[in-house]
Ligand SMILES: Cc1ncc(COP(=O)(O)O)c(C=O)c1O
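Quick setup: one chain, the form predicted alone, written in structure tokens, and binding and motion questions come after.
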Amino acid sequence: MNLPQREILVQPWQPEALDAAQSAPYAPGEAQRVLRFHRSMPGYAPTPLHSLPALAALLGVRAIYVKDESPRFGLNAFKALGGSWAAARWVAERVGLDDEHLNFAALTSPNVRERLQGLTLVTTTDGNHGRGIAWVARQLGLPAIVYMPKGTAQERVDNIRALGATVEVSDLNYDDTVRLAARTAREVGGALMQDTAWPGYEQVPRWIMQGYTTIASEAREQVTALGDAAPTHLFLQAGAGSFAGALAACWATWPGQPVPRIAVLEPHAANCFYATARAADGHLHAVGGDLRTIMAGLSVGEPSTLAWPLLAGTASWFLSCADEVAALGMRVLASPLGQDPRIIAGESGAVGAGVLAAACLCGQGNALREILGLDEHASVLLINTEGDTDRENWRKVVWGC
């Protein structure tokens, strides 16, 4: 095997004290409130948690679990969880709904729909978030404008347009396209539903992050039902960091259970959290340029101001990964051993499996395995954040043609 193609850079991190005020929005009580709202939505069902004992035996760890988000609301990714909760909270504040008892029926009542006339939801996406926002807008009877960065796969554009949204592909990278969407939202008087935060824009991203805690709530119940007290390792992908920060904070604040060691995973081309951890100077470090990577969902060069404090207070490692690591994970999950289930994972969803396989099977002199503590006692939880959202590329990676 050509190990340099599967290069993984590791920045060990000593977690700082997790700030109680910053982590409070993702604590179990809040997470349960979010879960109750999601349960009120049409099409809600917990996504499956798969155990992969044959793969665990091959890699020499105690257990491997994959929380598979590809069935979520029929959208092939997890993002609608954040968009739906953020839109619900935004609408509740606009029309005076009691958000303590917020549910989908109240949100879509004729009275609320009438009061929302003229409102447009605006966002930028590399695929999954925009599809979630377009889906939410359709549920609420609202128009949506979705911007996408240059290089976006046509299938991802078509999936969003199929939900009724207006889609524009820019000639800019992701972060500059976010700024374009923010200007448009101001010009049309729309609601910017962006899943990254910056100074002066943090409330909506915080709500989006809260929405993702439903994944943690479900996973904890499912792991317990399988007879595992708690995973020792949690691998979390980071683009802007909203998903990773929310799940890390939710898991870290759950009472009565040990906190797993958390690895934050990024592509080499957009490794802003790795760069921030490596600098360790108290400042956020952005990554510029084209941000070109097959992990389109992680192609973000500017870290969220909300996510960094949460990851700094919970993470044990920040990893920067070559694209081939994600490709390896896609092939591993698509080619199960023994009675393990087959999992269709997209590029961003599979990078955790790729790191695990590279560390335990592909060598790197076993150094990575030792650094991450992946021994016979390790129980690893991976989150497959997306399915084959670009089916042509999935086939090329997995089939080689």
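For every residue, the number given is its place in the sequence shown, counted from 1. For clarity, every value in this text was computed on a predicted model and none was experimentally measured.
Form predicted together with the named molecule: not shown, discussed below.
Just one of 271, 314, 237, 214 comes within 4.5 Å of the named molecule in the model of the complex, counting any heavy atom, and that one is 237.
Here the chain stands by itself, but in the model of the complex one stretch of 293-301, 97-105, 164-172, 323-331, 293-301, has heavy atoms within 4.5 Å of the named molecule.
With a 4.5 Å cutoff on heavy atoms, residue 84 does not count as touching the named molecule in the model of the complex; it lies far away.
In the model of the complex, the named molecule sits within 4.5 Å of a heavy atom belonging to residue 79. Within this chain, residue 123 is remote from the site of the named molecule in the model of the complex, having no heavy atom within 4.5 Å. Within 4.5 angstroms of the named molecule in the model of the complex, the stretch 330-356 places a non-hydrogen atom from 348 alone.
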